[in-house]
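Taking the form predicted alone, here's one chain by itself in structure tokens.
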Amino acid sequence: MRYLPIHVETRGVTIRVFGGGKTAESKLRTLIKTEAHLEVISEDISSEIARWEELKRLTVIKKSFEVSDIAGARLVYAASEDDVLNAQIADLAREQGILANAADQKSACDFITPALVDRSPVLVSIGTEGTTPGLARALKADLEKRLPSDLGKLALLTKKLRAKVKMHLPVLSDRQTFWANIFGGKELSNQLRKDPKTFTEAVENALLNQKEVKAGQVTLVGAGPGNPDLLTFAAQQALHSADVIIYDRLVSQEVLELGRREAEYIYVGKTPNGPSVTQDDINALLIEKARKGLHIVRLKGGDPLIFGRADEEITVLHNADIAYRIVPGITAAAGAAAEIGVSLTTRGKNSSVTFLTGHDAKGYAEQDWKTLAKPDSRAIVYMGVGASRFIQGRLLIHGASADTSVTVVENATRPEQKVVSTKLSALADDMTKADIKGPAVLMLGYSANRAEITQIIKAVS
């Protein structure tokens, strides 16, 4: 993120716009909605700027630019029809410690004015860091249709209700969770269109239903294979209302960013052959946080019920009498299969698929290799990168064909995804050549079915 989106206080400050033509006019259409004192400095002005002056929305100073005109402004817009002059004004403003925007000259801008969806006091800012203004306008148009025109009234009503909520819930994190439940419990567009009376009643009823003593709870959430678009709606809701988010190594940053900003984030990743937080420490942490009355999201990559050690945490929570619920996620096998365009089960070919792990507590995991080596067998191996040569050897020893198709998918569904298509006889060597480090799944008996994926496979094999 190159440009930090912030909202600047405009009450009582001076913003100067240099230029009086169409460029300046386009900047002023947003600026006249602020509470700033606007000064337009230009020898000539458009009829629209003249009209705004008559309405006392701004002040026009008809003169040519002088260096002394910059001093005292909070923000400067260089918006004349002269690009050279605009760049000069921006440079001079910067020398005086004043932020400047030079029209259509990204390199001369300290800030960029985003596309705005204005439902004051609700503002939605849309920026593309100056790369694609057309996309920003398209997103703005889409949001304009989605957000009701009187959304600002709901925001002002919420402001009044916050005092009552604060009286009942003096702890900040409790209030944040309360409002997350108010706005996140149902389809948001329906919530935003409630009339004031109905919305007020909903808030008051929610307060009445608050328990005198808040009990902690834990939600085990599957973060999926990493693509935030594959996160379930229930998982998003849990993240929005969490006080504490305890997450694993395989949870992507994009998924983490969907969590509540004010939540406490605790990393408990287990690094293969490296530093790791023990399961006992994680269990103790869950109990400690829950007994403080907090809502904890235990965020695990993929699905917590598939090689996620969820049963150990469930047992601990049950024995400690701590409420919990489980939100399943899309497992890496499903994500990988979708990416390479295959079905995990195919009528007439395989009536079952085995999910197995390459490692267990004792090291390489032994399996029913004789069954897995059969021609019609299909299996997905988790945590199999380091065990690939062991798995390859065991299958070949037990009669598997050396030509058995194997597809390896690393970082399934993520932008950095890597796919390797190979045969069982070359599995370990091809993984080494492709520099597969994980997280990856080994798909035994599967070949990539998408043409564009096949091209990538050929490039890395």
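Numbers for residues come from their place in the sequence shown, where the first is 1. Everything numeric here is computed off the predicted structure, so don't read it as measured data.
Note that the form predicted in complex with a small molecule isn't included here; everything after this is about it.
Contact with the small molecule in the model of the complex, judged by any heavy atom within 4.5 Å, is made by just one of Phe178, Phe199, Phe111, Phe307: Phe307. Of the residues given (Met383, Leu151, Leu116, Val316), Met383 alone sits with a heavy atom within 4.5 Å of the small molecule in the model of the complex. Not displayed here, the small molecule is approached by Thr331 to within 4.5 Å at the level of heavy atoms in the model of the complex.
Among heavy atoms of Gly445, none comes within 4.5 Å of the small molecule in the model of the complex. Contact between Val17 and the small molecule in the model of the complex is not found at the 4.5 Å heavy atom cutoff. Taking the partner from elsewhere, Asp243 is found to have every heavy atom lying beyond 4.5 Å of the small molecule in the model of the complex. Residue heavy atoms within 4.5 Å of the small molecule in the model of the complex occur in exactly one stretch of 143-151, 298-306, 278-286, 95-103, and that stretch is 298-306.
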